[in-house]
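Shown next as structure tokens: one chain only, the form predicted alone.
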Amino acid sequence: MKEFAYSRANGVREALVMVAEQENGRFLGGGTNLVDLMKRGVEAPDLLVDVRSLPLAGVREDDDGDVVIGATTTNSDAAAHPEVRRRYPALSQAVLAGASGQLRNVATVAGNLLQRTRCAFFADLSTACNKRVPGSGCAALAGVHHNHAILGTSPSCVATNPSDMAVSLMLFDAVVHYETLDGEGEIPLSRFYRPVGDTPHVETALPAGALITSVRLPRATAGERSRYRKVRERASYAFATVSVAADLEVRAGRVHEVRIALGGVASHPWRARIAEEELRGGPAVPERFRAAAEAELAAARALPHNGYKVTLARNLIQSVLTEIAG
């Protein structure tokens, strides 16, 4: 591991200044992704600014009835909070489906959103990877890619975003709040992750040097019947092969409102807006759920060894919606 400096910030402003003054400085939360990549030689910051002691942890309800989750709240605490479990059960289910208990006890909410979209080639310094070395190529295209992306890909990268939490936050139209030396700002999660394009190494729309301070869940998107289901290669601890977060409201046998988000299929959590539009106003029956899923997945561009994900995603969407409707 490359030698680096370490500092602990006593305030948000101080943390921002520390990172701004160091050309290759990074904020450190739980470190469950960043430190691992440093050990592998993929990441090599000159300075780590520890933000865990800042007053950014906790879950609260604001004056508008929205639920606000602090940036340094651990994944375990976010999943266990009574209001999250009651109003946004898919979020709690998604967090508990991600990583191990030990990692959830350390990893932070902001760190989870900022973990790198990656595959095995990203961590292998002997292979080509446009995320690690822009312009070097993508070894996954002709290599082992059975668990890679099928939606929103480009010739530059076919890696999938590993976050379970982000999929459920996408379902609930979460908003990311941050602070820079110029002031505060916010980004809807729907615009937080950048499309792959030809710059897959640029993953988010956060301004340079910005520190995430909280994530807000709008009251209007609360879904007490929401569900998160994850298919993975081993039950104990693995990234999603395909996952689905969904919320469905049925009135008189017809779909009044629906939200669907997918994981394991793209470089970022994928909001299935085509499927949602297909379903609104129609009968809440499995056949319609299946047809809507097929409409969403019509844009899939599978590689030679990951085409099964199209079928898996379609069946999973149908199954989860049928469960909620039933």
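Residue indices: 1-based, along the sequence shown. Quick caveat: nothing in here was measured; it's all calculated off a predicted structure.
There is another form of the same protein, the form predicted together with a small molecule; it is not shown, and what comes next is about it.
With a 4.5 Å cutoff on heavy atoms, L217 does not count as touching the small molecule in the predicted complex; it lies far away. The closest non-hydrogen atom of F122 lies beyond 4.5 Å of the small molecule in the predicted complex. At a distance threshold of 4.5 angstroms between non-hydrogen atoms, V106 is in contact with the small molecule in the predicted complex. By the criterion of a heavy atom within 4.5 Å, L34 is counted among the residues contacting the small molecule in the predicted complex. Highlighted residues C157, I260 and L297: none comes within 4.5 Å of the small molecule in the predicted complex, counting any heavy atom.
You can rule out all but one of 270 to 278, 285 to 293, 61 to 69, 23 to 31: in the predicted complex, only 23 to 31 has residues with a heavy atom within 4.5 Å of the small molecule.
Between the options L151, A139, L211, V255, the residue in contact with the small molecule in the predicted complex by a heavy atom within 4.5 angstroms is L211. Checked against the small molecule in the predicted complex, the candidates N130, Q115, Q93, N147 yield a single residue with a heavy atom inside 4.5 Å, and that residue is Q115.
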